[in-house]
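So here's one chain in two forms, each on its own in structure tokens, numbered structure 1 and structure 2.
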Structure 1
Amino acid sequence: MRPNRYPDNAWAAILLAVPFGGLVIFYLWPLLRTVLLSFSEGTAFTGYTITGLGNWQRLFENGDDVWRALVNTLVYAAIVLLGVPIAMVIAALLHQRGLRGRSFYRTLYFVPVVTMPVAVAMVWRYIYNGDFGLLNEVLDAVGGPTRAWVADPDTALYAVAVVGIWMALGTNLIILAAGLEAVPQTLEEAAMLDGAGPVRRFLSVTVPLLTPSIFLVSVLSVIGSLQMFDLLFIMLGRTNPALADSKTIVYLFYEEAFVRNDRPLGAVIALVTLVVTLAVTAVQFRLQRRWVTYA
């Protein structure tokens, strides 16, 4: 056998260099550039010069749009969280013994996850259309109220949130289904012998043991919701009268950085988004000590 010319720690350094280099190039360096850009003035053609806190002062002087976008983002995230209990119920139904076609149903629910968000948004935009949309056709057939769902400021954000729930359902189902597989059948059988019905067994036995998976799904749903942009951009469009009251914080970043070409102010909004995401996630991790059960 040929002698090894490199010690073990050298091989470890070589193998770690690739992911660490990717972390520095694609995450840490852009973050550092964004921080520096938030304290700078200028354009991409003239260059940027660090000037201080002027961009942060501009953001808070015109804070109405920022606060409205933050509230819209948090409302959207709260609505999308309602998809977690929906996914729990569906996962429990698909976990029943003797259910035929279980893999087919799981695949069917997972299709929206692997479908391009632009395609999903276009389909739902036609469904919500106020003139010839499928939703209004169904409501009109049963005598219900019809409206321009994505053009009405009172319903636009909620209509987009419903699509967000539908798109995240597949991922939530997969994670919760894996958690259900880890629930010992002996505990459910013991509860059944004690006279507990299906609902009682689900609430008292399955849900407490499923809380780690529920927590993971909740964190992923909130982080994804705080970054929502593509659905809003495609479903509403830039000329929609409801857009002003439905903007999210990431959409506001897009407007400032790419429409108005104000990259420094866009960098400030990006950092605010990062701070909000970290704060909300930290609150979730803090609260999980009270309700998550680790067996």
Structure 2
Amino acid sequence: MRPNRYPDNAWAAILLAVPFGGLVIFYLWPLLRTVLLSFSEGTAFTGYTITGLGNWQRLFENGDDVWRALVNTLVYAAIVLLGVPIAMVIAALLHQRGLRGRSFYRTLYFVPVVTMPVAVAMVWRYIYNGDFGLLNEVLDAVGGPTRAWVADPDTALYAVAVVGIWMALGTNLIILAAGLEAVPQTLEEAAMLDGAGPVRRFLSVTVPLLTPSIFLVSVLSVIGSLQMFDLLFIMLGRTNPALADSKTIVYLFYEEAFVRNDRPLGAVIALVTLVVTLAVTAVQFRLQRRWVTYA
């Protein structure tokens, strides 16, 4: 008798029934439904019927909102990416041998990661306030520029991105610290014996060996940034004059699908997000060959 290649068919079916059922109802069917909705017309009351490419045509003919939101989101993601070098420097400082208080620092840098974005966005909105915000007071004291940071279309998105960097720093730090653990100490020591100073050692020894972690952090940072919603939703209220120019793609999705209740357009925007996320990630994986070294 031939041994059974699939001895567990029955058990697999029983144990997977609930998880797979849930996957189909809440994820796989929705995926298909969103694609179908993007080709449909109608409202929640009349129901939706598939009519063809109308929504996509709208997107390409007068989808200025969507394109602007897309650009905003990419700009936001690019700025938040600047947090990666900052995290690298801090991770390297924390990694020094014999440094005291390492876990103390790590705790403080990590707190923003566990705090609710809605709550911290409210704090930052208050700090950014143009009339009595803390930031303007500090900048005024040192002779810097002051303005209504989140009510000004020229600065609102950047102001939110600074908060994005602040929130992501802890996560980046943890992943980079794990990468640093894997860098052999002997290489650093060899460089030290050759007379390389700390900065030189960091740039010429640590960073090249850390590139796989840096790559991982960058990819995760961009994917996370493309999802930005909470910070914008709170920091720029509905009446904010800068909102129209600063919407991100997920914000626009929420607005079209659940405030204006234009579900088909919402579906189109969601699919645009998918395409952009895949494209940006693919570009990162392509570029990786130029700068990431796997030891």
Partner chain sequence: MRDRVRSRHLVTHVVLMAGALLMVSPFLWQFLTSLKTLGESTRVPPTVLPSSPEWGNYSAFFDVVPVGSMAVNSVLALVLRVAGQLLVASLAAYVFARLRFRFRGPLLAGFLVVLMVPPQLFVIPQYEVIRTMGWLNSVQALALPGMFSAFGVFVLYQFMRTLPPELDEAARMDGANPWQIYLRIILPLCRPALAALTILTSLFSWNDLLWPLIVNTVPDRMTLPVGLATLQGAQGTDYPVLMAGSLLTILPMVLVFVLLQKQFIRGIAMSGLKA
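For the two forms, the rigid core is made up of the largest set of C-alpha atoms that agree within 1.5 Å on superposition. Every residue number counts along structure 1's sequence, beginning with 1. These numbers were taken from a predicted model, which means no experiment stands behind them.
- Annotation: structure 2 represents the form predicted in complex with the partner chain, while structure 1 represents the other form.
- Taking the rigid core as fixed, one finds a CA shift for L23 of 2 Å or more between structures 1 and 2.
- Relative to the superposed rigid core, A279 undergoes a CA displacement smaller than 2 Å between structures 1 and 2.
- When the core is overlaid, the C-alpha of I14 ends up 5.7 Å from its other position between structures 1 and 2.
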